[in-house]
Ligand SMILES: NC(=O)c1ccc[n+]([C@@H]2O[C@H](COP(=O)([O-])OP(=O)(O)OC[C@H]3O[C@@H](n4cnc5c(N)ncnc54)[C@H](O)[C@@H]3O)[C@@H](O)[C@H]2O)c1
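This document opens with one chain alone, in structure tokens, the form predicted on its own.
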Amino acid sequence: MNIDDLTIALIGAGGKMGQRISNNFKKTSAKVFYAEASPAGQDRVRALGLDVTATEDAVSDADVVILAVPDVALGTVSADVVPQLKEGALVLTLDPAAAYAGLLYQRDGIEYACAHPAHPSIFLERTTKEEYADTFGGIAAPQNVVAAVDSGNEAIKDRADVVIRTMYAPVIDVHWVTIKQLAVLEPTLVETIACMIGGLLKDALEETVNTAGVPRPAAEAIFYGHIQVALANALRGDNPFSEACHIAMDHGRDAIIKDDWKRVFDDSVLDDTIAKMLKLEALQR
């Protein structure tokens, strides 16, 4: 399937992710309609050199409708958009939380999928300044995407794949999982754990500078370099940690990490995390 064979509607085209996706779509000959509700967002779409289309007009004949709106708004937005879609249309969301929580408006004859960018890997071999500058992905640095079919119709993967590779370009590969598995990856693995650790690293750096009194340039120099070594050693085994380092690592784990930390992978904790993210009392699924 070719991207130029599809009619696509992008809802939320003026948002943070919407603008990134719009920039990639406008490089193609695909028939794309850009919809945005807020006046400020509409101005941002026009600043990209694109026309703004009313939502009802954008989705009326769309083969694929991308909902690039915040998770907390997906229930309301999907309830407005899905009834207007033609039979067989594909609704594509960017995050799994709303789908996993059962918030998306359901309608027979409509397909549902979710595709989340993995972002450029820390191990990506970058060769240009543009690739080094693109830490988020979707501009110059290649990235993977993890996707799931929520409607159960595996036949829609071909249609979804060609859109996903365009909207998140340049894409290395699209990895297909289930909606629950995608929810385990995002938020549990990458937000509850990886992003939390990123915040902890920042806190540790500030403590080193502001409390221990180490000059910031010296602290940043040794910290940033050792973070790279630590990740390469731990995740790929590039250069095994020394015996002394293992002793310090064990001491740090005992001092900082709770013994039951793996419970974040329990279904009940995942449900609670997503409910909090979506500002819900409980999930609706």
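Predicted model only: the values in this text are computed from it and were never measured. Each residue number is its position in the shown sequence, starting from 1.
Below, we refer to the form predicted in complex with the named molecule, which is not included among the displayed structures.
Heavy atoms within 4.5 Å of the named molecule in the predicted bound form: which stretch among 256-264, 66-74, 243-251, 215-223?
Flagged stretch: 66-74.
On the criterion of a non-hydrogen atom at 4.5 angstroms or closer, are Lys26, Arg46 and Arg165 all touching the named molecule in the predicted bound form?
Not a single residue of the candidate spot has a heavy atom within 4.5 Å of the named molecule in the predicted bound form.
Within 4.5 Å, heavy atoms only: does Gly138 come near the named molecule in the predicted bound form?
Outside the cut-off, so no.
Check His116 for me: does it contact the named molecule in the predicted bound form (non-hydrogen atoms, 4.5 angstroms)?
Judged by the heavy-atom cut-off of 4.5 Å, His116 is in contact with the named molecule in the predicted bound form.
Should Ala37 be classed as touching the named molecule in the predicted bound form when contacts are defined as heavy atoms within 4.5 Å?
Flag for Ala37 set to yes.
Is Leu94 close to the named molecule in the predicted bound form, meaning a heavy atom pair under 4.5 Å apart or at it?
The answer is yes: Leu94 has a heavy atom within 4.5 Å of the named molecule.
At 4.5 Å, heavy atom to heavy atom, what parts of 1-21 sit next to the named molecule in the predicted bound form? List them in sequence order, or say none.
Read in sequence order, the residues that approach the named molecule (within 4.5 Å, in the predicted bound form) are Ile11, Gly12, Gly14, Gly15, Lys16, Met17, Gly18.
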